[in-house]
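The chain below stands alone and is given in structure tokens; this is the form predicted alone.
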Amino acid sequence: MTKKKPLQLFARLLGNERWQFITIPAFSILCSLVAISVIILLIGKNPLEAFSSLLAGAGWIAKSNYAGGKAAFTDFMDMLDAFTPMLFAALAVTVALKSGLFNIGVAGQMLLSGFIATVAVGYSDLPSVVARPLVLLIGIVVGAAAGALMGWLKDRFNIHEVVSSIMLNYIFQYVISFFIKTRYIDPVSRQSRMAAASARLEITDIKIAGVTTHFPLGLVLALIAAIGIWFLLAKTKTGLELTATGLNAKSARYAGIRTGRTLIIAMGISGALAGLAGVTYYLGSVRSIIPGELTSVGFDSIAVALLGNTHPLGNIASSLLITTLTSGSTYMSSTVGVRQEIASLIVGMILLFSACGGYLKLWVQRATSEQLPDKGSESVHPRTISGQEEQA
């Protein structure tokens, strides 16, 4: 009994099912930070200095000096600018995973939506009050169409969504590259021509107390989308059908759920979120498209969604964490002398420990269930006493 007590207390700490989407990833992150601290010590650097420089580079704490009217708030807004498409992309992966699907085509859907929005609106003379909402609408429609196509291929021809999404990634990548190189190339940067400022989803050159910064317009929408997806999955009939199909498609079909239609809806919603990630990325701070390349955000979002325990609200925290690490890596390299690859190593270690989340859940269930037999010899349930009295 005494030997099991510390483990049982720890299991109770992680064992509340209502908060496991926070406690288990947080414990995984803590373990990964301890492991990466050992690695940083082995290369002769101070882990505290490395982590503090990461936070400073992402704008969470102040740097030693700034220039050109910049401050910690400027770096923080730069980080939020990268956080916005990451959150949209992670939500896209989460919706698909909850429905029993794997949308590995987020990067391609981002590229397609960003390219069409750039060509249709970014190169036009529309005023910002018309151009920006139209960019968002194009992102939703184009992304939803691309995602629903994958769901339809799975339902109609039983083509696995991983296969169709990978193939469509290549199709989008090279077809769009052809059009950029033949029609929309910038001869200096060898990228697509930059979109007009009126169509970009950010407000630039904002001056607050002598500090120059910018604001990503998609940030508020991304946070609303996270709350909306949580409400959809947890509180609506459609969300119940999505999760039921994801848990067991045969049982869902037996219960009267039209699983084929549900798969198309799930991939459509996932694609719409990926489309929003695309327009907030390519018409955000990036402002142009590199021909023949898919952004790593679409692939990193898979890991971010898993780190967030495939929970829409957990995606907010995981996206913020991963974006902080990637945004602060350059400053960490220049000040502490720790190479930028260490930031990628930190992300990898976090994901490695987070992959043990399933095991932790199973261990917590076993540890908490073993508490009842231990109490049997020390206390007797009131119903047992009353039953014994009746028999007597």
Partner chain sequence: MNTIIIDGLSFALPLLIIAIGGIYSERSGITNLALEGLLGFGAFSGGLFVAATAGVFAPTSQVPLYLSFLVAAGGGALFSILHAVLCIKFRADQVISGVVVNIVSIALTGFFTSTINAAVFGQASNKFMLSTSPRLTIPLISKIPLLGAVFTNFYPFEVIILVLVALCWYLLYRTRYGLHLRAAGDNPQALDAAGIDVARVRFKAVLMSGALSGVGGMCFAYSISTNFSPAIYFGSGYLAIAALIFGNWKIMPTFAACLIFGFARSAAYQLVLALNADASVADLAMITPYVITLLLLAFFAKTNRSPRALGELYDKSKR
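A quick note: this is a predicted structure, and the numbers were derived from the prediction, not measured. Residue numbers count along the first chain shown, from 1.
There is another form of this protein, the form predicted together with its partner chain, and it is not shown here; the text below is about that form.
Look at 275-283, 256-264, 171-179, 82-90: in the predicted complex, residues with non-hydrogen atoms within 4.5 angstroms of its partner chain sit in 171-179. Against its partner chain in the predicted complex, the set 158, 339 and 352 is in full contact: each member has a heavy atom within 4.5 Å. In the predicted complex, residue 102 approaches its partner chain with a heavy atom inside 4.5 Å. Using a 4.5 Å cutoff between non-hydrogen atoms, residue 48 does not count as a contact of its partner chain in the predicted complex. In the predicted complex, residue 211 stays away from its partner chain, with no heavy atom inside 4.5 Å. Within 4.5 Å of any heavy atom of its partner chain in the predicted complex lies no heavy atom of residue 52. Here is the short version: of 345, 56, 364, 29, the single residue with a heavy atom within 4.5 Å of its partner chain in the predicted complex is 345. For the options 313, 234, 167, 141, the one in contact with its partner chain in the predicted complex, meaning a heavy atom within 4.5 Å, is 167.
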